[in-house]
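Coming up is one lone chain in structure tokens, specifically the form predicted alone.
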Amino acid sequence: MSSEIKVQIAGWLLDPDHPKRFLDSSLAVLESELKKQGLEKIYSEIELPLAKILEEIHQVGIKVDLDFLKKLSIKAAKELEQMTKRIYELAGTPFNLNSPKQLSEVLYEKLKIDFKGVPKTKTGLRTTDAEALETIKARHPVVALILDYRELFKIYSTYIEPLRNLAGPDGRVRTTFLQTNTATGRLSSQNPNLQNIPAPKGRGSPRSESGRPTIDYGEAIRKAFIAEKGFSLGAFDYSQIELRVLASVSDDERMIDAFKKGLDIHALTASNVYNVDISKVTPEMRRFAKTLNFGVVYGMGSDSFARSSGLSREEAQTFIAEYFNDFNGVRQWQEKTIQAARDFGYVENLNGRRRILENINFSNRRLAAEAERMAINMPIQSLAADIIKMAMIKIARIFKDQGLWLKKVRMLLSIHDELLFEISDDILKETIPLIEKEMESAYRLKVPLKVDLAYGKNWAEL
């Protein structure tokens, strides 16, 4: 089927078996445009080879335990019913829980919950989105239960039932990866989206007396993804890859030194921001620093940092100012990147992948600020995406050369910074370090790439 695989670039179909030849010769102008914009390498060395690998991933699929999913479906449906009854009791009336209009009327009109800090929708009603419900969660016991209901309903309707329905006769689910669906070059997944499987929450003991879920459904969903008999699942996750890319492209000496020495970057950040010895950093300090570190990658301002950390706006401003004082190279790189985006109308990563930023010089400050955040994030996130794509290509070639590809080593999923494999148990011990080595050497940064790995018989056990 490889000859039928097509990659779409700039809206045109290209021939992956002949990277220099377009399916329609009249489109040869695109070849010239690729060269002119420095995108030929991305096209011929990354996206085209990757297209074949993604098709192979689709054909292989990932095995699910259908009996387990059936039992989970019955349990989830029963708990949703119990939660609904409990919500009706607390609200004093039945209503459509999935109707934002009815929910708004119940919460703000019937129950008269204080809606301070809750904005209105375009229709004039107070919003009931997740952020709004988190704002008012402590103001009435029904709100926390509604949040739990929504979470379980999404897991039930988006994952449990679709996984059961989409599994093939062999018990394997096949997702479709999209190469041209994101502005940064990251892969996305659909039908079903297997990049968004809920993470385990560690709920602890059952809480049925409150009407809330009695098990961790995020963990349960992952338990449903299993290895074929005689195989194990292996997960290989790039550790803090975006921060490592940030350190490298910004040439920040302090951050580079920390990664080279193998220091805990979040603890180091906390140490610098709080002006304490790293040995004195508390878990709470580290948590704030972690939020700040990853926020910087996305151009997060003081308002967003305050909301995500629980700090006041003034405290958040102080933290950010201290951060850029300590990591001055990052600040200088951000300023240069934004200015270059203003000058040229686009931003690019070290491989030359570009993102056009139409609003970067717009008079509307809100839209211009949003474009500035994209300018800061794109060179980081897109290079991280390129690195994992390059690793996928390297690994596939190695195991194809060894005659093990798809037979004893199968790439199942690409989940942001992580690759999930199904590996035959008889070669597991020698295969794991080989994959780790190839991923860590996929691209040369100014700091070392590091891969965290785990394996087991189902996704939850990894």
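What you see is a predicted model; the values in this text were computed from it and never measured. Basically, rigid core = biggest C-alpha set you can superpose within 1.5 Å across the two forms. Note that residue numbering follows the sequence shown and begins at 1.
FYI, the form predicted together with the DNA isn't displayed, but the following is about it.
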item	value
K261, N351 and E438 all contacting the DNA in the model of the complex, non-hydrogen atom within 4.5 Å	no
Partner proximity in the model of the complex: E131 to the DNA, non-hydrogen atom cutoff 4.5 Å	yes
Distance check, K122 to the DNA in the model of the complex, heavy atom within 4.5 Å	yes
Contact label in the model of the complex: F153 to the DNA, heavy atom within 4.5 Å	yes
In the model of the complex, G295 touching the DNA (heavy atom, 4.5 Å)	yes
One residue of N191, N359, Q317, T93 in contact with the DNA, assessed in the model of the complex (non-hydrogen atom, 4.5 angstroms)	N191
Contact assignment for the DNA in the model of the complex, among S248, T337, T184, N272, heavy atom within 4.5 Å	T184
Interface segment, criterion being heavy atoms within 4.5 Å of the DNA in the model of the complex, picked from 410 to 418, 392 to 400, 38 to 46, 65 to 73	410 to 418
Residues within 4.5 Å of the DNA in the model of the complex, restricted to 295 to 312 and counted by heavy atom	G295, Y298, M300, S304, R307, S308
Core-superposed C-alpha of T135 shifting 2 Å or more between this form and the one not shown	yes
Direction of Cα pair change T123-A368 in the model of the complex, magnitude 3 angstroms or more	closer
